[in-house]
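A single chain comes next, written as structure tokens; it is the form predicted alone.
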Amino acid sequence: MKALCWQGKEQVGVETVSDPHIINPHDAVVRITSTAICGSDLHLFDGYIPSMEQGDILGHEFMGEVVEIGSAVRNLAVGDRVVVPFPIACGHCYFCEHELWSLCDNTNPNAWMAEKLFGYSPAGIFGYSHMLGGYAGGQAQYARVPFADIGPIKVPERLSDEQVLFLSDIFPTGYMAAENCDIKPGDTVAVWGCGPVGQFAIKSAFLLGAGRVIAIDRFPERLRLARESARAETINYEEVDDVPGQLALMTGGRGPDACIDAVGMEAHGTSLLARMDAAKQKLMLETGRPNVLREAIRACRKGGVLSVAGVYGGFLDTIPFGAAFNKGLRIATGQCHVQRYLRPLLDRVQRNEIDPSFIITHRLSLDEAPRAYEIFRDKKENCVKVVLDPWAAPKAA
């Protein structure tokens, strides 16, 4: 089969690799019909996530048709159309039983690696380093899905791939980010980052009752999408001297009731600290650029909520934790517990409360994935979200 493989920092390529097969009775094999590039994949592309190996198959947002099932899989059948959640969960450990699916104790065979960095290991994740399991990802024509009797959800034929594909990650991730804000009717929520997760966080905040959402970014096309598709107010951070100060002005001096960091470890900014972060990250003196995190802590009202959906992988410098403590902020973080949200969000799609396909700007073949990574990372061609077709014929040169 064809698959997109990691070949080194800023190098990915489509290769011919062996087809996956059943190795455990709880496995399924899925013929992938649609797959996407996630902002988190860029951390792999840019070389910031350790334990990647040449030839690793990338991708954790995918869906398709079940073509083979193990003997213990009772809830799926060959021919079923499914969306596969990015965290792999066993369904039976303490964390799965408490619906903390992305913290599963049993699906990372390399837990010892994550424990060295984090103290404890999260769940295994498709296509996201050996530290998180070494599982082959879904930017490919087929994928083996472990614990297939726990994760994938069957989707109706009447819904297109584009309407349901993002249930695999970014829609639930944005929704959980908003849910973590404990939104009360009429609340004001500020969202840093108008990329895919940020757009879904904005939409979800309104679904959960927010009265206002203020979105912060610098790219006109993303700010426009936030205004036109998600009815947010917007701030271009390159056009204001101080984002927290601007948010204070927009909220009568009180600050937003909740702040969402939908950017994470590769944030940009115009401040001296932001420029220092970029230099320290290049020199591997710091593993993330926490400019957004700092601004969100400063901006949030006293007693408010800070929700972090953007991925952070290691150690951060000069975080104003004293401000967070003395303002009494509640902080919620973590990889999304996708399995918790699959059915409720699918129901919202079926009720026409949201059409997740609004986020797609580029539809390309798998063979075009190397170029897609570059235009997505570098924000070229007004790119917001790329969906790849693993079976589309390569374009003629």
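Position 1 is the first residue in the sequence shown; the rest follow in order. Computed from a predicted model, the values in this text were never measured in an experiment.
The next section is about a form of this same protein that is not shown, the form predicted in complex with a small molecule.
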item: Non-hydrogen atom within 4.5 Å of the small molecule in the predicted complex for each of 178, 294 and 332; value: no
item: Candidate stretches 116-124, 76-84, 203-211, 267-275, one within 4.5 Å of the small molecule in the predicted complex by heavy atom; value: 267-275
item: Exercise: residue 165 in contact with the small molecule in the predicted complex, heavy atom 4.5 Å; value: no
item: In the predicted complex, residue 107 touching the small molecule (heavy atom, 4.5 Å); value: no
item: Residue 194 within 4.5 Å of the small molecule in the predicted complex, heavy atoms; value: yes
item: The small molecule contact in the predicted complex: residue 232, any heavy atom under 4.5 Å; value: no
item: Answer option from 89, 225, 132, 262, heavy atom within 4.5 Å of the small molecule in the predicted complex; value: 262
item: Position in contact with the small molecule when the complex is considered in the predicted complex, options 95, 237, 147, 142, heavy atoms within 4.5 Å; value: 237
